[in-house]
Each structure stands twice: as structure tokens, then as C-alpha cells.
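Take a look at this single chain in C-alpha cells; it is the form predicted alone.
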Amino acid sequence: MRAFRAQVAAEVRMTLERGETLLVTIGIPAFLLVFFSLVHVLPTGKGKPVDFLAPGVLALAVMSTAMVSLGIATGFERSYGVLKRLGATPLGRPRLLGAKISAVLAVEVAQVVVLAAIALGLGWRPHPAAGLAVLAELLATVAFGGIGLAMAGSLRAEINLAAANALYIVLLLIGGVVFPLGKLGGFATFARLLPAGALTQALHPTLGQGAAPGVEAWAVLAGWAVLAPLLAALTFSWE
């Protein structure tokens, strides 16, 4: 356990020391939340823009950390041979992966605290179904982490970097983060089948009305939470 705790601390410290990681995980979500809450240019419905944006930005934060940050960092560690060496130490591969996941969860807690504080300062008044919201975020973390590790373990580091950022932008635009899914026209059905779309569909009712999400959102999140890590396990190469 001492080695595991040390690796978790090292993972968190390395995450916090990477400026580009902090930009993606906290900077961009915070900027989108503040900008679009104050500049009313999005079709966010009849209520205050922040009421729509806050759940979407919390979903974006999970995607940023579990998919983009974890995936890119792991891809370069694999490229430099770091993963192969760490996997051969007494830490072992299972505890190494567990440490990475634990570090992701620790960073996500900090993200939620920061972004929720900003949203509250902008006038957000949530009616949370806390247990359901946490469950949705955990399922999404597993799903996005699986996607990130699948790309990191099968693509060259430079290609993985480009792919992770491109996928981030696509999911940002069609995942219900800044535009309601109902405003996407023909893309709406497809977007609801993506993990970002399912997560926003789960967070909006839980944080907005204190209500349970629909069965479809749970089914999509659970499906991605199973299939994405399985794909990563089947395709991951340590070097």
C-alpha cells in the first residue's frame, strides 16, 4: 500500500505540474462556464444560462480529466518506455493502473469543487439528487478513462495527442455541454448514444430538478463503462 499511495501522490503531483493539463481540465471548462453564462448567445432555454451550463461543464470536466489528460499522459509515458519500466517494478501493473484511476478521481473532486463554486457565484441554484449525480459521474469516468487508455495503448503518442484533442472538441460541440441536445437536429439521436451526451442527459435532471435520469441515459453510460475499458484491455500495448 505504501508504494500504491506514493504512486497516487506522484500521479496527482505530475498532473498539477503540467500547465497544459490544468488548462484542459480546469481552465477551459471554467472559461466556458463564465463566458457563456454572462454572454447570452447560446440557446440554453428559458432559465438562466448557468442553470443549463453548469451540469454540462461538470460533464466536460470529467471528459477532460478521464479521457484527455489521462490518455495523453499515458500515451507519452508508453512512448518513452516509462510504463514498461513501472510495470516491471514491485508496484506491478494492476496497482499502477489503480493509482492512475485514483489520481483521476482526486483531480475530479477538485474540479467539481472549483467549478461548482464558480457556478454558484454566477447564480446557479441546483436541486441535486446527489447520489444519482455521483453515480453518473463515476460511470462516465470509467467510460472516458477506457476510451483514453484505448487510444493511448494502441496509437503513437503524437497521433494519440491529436486524436484525443479532436475527440474532445467533437464531444464538446455535440455532447450537450454548450448546446442542448434538442437543438442539434439530426445529430441529437447520435449524440445521445455517446458518453458525453448520456452524461449531460443524466446530470441535467439530477442537478437541475433533483429527478432521476431516463433509462436511456443510464443504459448508454453503463454500456460505455463496460465496453470502453474492455476495448482498452484487449488492445493496450505497454510499449
Partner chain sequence: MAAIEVDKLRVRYGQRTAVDGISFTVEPGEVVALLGPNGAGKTTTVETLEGYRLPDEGEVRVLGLDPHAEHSRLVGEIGVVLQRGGVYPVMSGARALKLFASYYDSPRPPAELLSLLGLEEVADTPFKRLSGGEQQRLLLALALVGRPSVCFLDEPTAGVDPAGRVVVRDVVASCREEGVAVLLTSHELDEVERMADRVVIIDHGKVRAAGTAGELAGGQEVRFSVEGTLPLGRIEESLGAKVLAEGSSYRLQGVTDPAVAARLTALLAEEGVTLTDLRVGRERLEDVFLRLVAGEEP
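Numbering follows the first chain given and starts at 1. Everything quoted here is computed from the prediction, not taken from an experiment.
There is also a form predicted together with the partner chain; it is not shown, and the following applies to it.
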inquiry  = Within 4.5 Å of the partner chain in the predicted bound form - does that hold for a heavy atom of every one of H40, A116 and L120?
reply    = no
query = Of the options L132, L86, L167, V142, which one has a non-hydrogen atom that comes within 4.5 Å of the partner chain in the predicted bound form?
reply = L86
query = Can you pick the one in V226, L23, L16, A10 that has a heavy atom within 4.5 Å of the partner chain in the predicted bound form?
reply = A10
note = With a 4.5 Å heavy atom cut-off to the partner chain in the predicted bound form, the contacting stretch among 106 to 114, 74 to 82, 120 to 128, 134 to 142 is 74 to 82
task = Evaluate A3 for contact with the partner chain in the predicted bound form, applying a 4.5 angstroms cut-off between non-hydrogen atoms, and reply yes or no.
result = yes
ask   = Heavy atoms within 4.5 Å of the partner chain in the predicted bound form: does P94 have any?
value = no
